[in-house]
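To begin, one chain is listed below as structure tokens, in the form predicted alone.
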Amino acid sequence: MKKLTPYLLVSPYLLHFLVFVAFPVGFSVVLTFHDWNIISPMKWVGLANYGRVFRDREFWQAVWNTLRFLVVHIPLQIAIALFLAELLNRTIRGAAFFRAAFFLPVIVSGVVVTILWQQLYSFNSGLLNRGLVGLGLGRVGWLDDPDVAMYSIAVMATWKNVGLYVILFLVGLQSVPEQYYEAADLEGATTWQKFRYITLPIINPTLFTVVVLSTIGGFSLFIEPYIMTEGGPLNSTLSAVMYIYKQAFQYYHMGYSATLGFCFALIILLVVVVQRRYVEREI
């Protein structure tokens, strides 16, 4: 019985892993080689789904849209989060209140936040355009202009998620020994020099974590464009995850959607590897 005890203790985890991880992943791999619409029996197609990926212009447009989103979202989120964390790391009145206030949007439902910002971005009645009109400026199609819509979503997503990264950066900043700054002051170092040569190298692991989490979260973009624009206008806000969802649950191309999912996962892995090469290093 004693020999069986360890196996009994880990059996719940193993069962969870087999049912909710191993089986879905294995089944998805099988699906990539089949054509299946859920109702009809699976039809073997070999590598046809993989060949279709390279010819699917709409998928690659969705990937490009997602990359456009990341180019704005990640730098903006890191800059704002680090700036706010620096402020909160100082002795200020009401620091606990501000920490909670910055983190509050993170725990609010993404659907609620998206609907809120959809109203702010409204062309005719949105608060932003009302302010522009009040200043004598023209209205902006925040969600109606193909050249602006994805960047508007990036700003909204940054507001929604920045609180989490403020907390992460704050933890990293609080791990920097105060003696380093005192020694730098004795040497006459400027504020920028202390930040560049003391703060950044020490919080580099935290910075890499934030970059990776922001990247994975950005690649998972779905709720915002699905609710705010439904992928429009002219597919300018169609994200890769949203396109995979449509292939699976609107067109019932389950095999092809599984193939898209695996190809998209490889793209994410490639981006993270590149980030590790250039971010996770001594600054």
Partner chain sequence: MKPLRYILLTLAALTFIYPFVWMVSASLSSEAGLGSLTLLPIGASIQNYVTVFERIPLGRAFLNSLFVAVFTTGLVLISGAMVGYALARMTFRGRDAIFYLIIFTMTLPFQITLIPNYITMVKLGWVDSCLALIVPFALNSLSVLLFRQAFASLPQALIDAARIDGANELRIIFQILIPNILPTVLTITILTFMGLWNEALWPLIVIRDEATMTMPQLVTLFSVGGRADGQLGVKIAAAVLLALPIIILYLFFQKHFIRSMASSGMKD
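Nothing here was measured: the structure is a model prediction, and the numbers come from that model. Numbering follows the first chain given and starts at 1.
Omitted from view is the form predicted together with the partner chain, to which the following refers.
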Residue within 4.5 Å of the partner chain in the model of the complex by heavy atom, from Val108, Ala183, Val71, Leu200, is Val108
Heavy atom within 4.5 Å of the partner chain in the model of the complex - the one residue of Ala189, Val176, Leu164, Val211 that qualifies | Leu164
Spell out, yes or no, whether the shortest heavy atom distance between Phe249 and the partner chain in the model of the complex is within 4.5 Å.
-> yes
Hey, in the model of the complex, is Val63 touching the partner chain, heavy atoms inside 4.5 Å?
-> no
Does the 4.5 Å heavy atom contact test between Arg99 and the partner chain in the model of the complex come out positive?
-> yes
Do Ser257 and the partner chain share at least one heavy atom pair within 4.5 Å in the model of the complex?
-> yes
Counting only heavy atoms and a 4.5 Å cutoff, which of 133 to 141, 189 to 197, 146 to 154, 108 to 116 contacts the partner chain in the model of the complex?
-> 108 to 116
Within 4.5 Å of the partner chain in the model of the complex, do Phe33, Ala48 and Val273 each have at least one heavy atom?
-> no
Of the residues spanning 234 to 249, the ones with some heavy atom within 4.5 Å of the partner chain in the model of the complex are Val241, Ile244, Tyr245, Ala248, Phe249
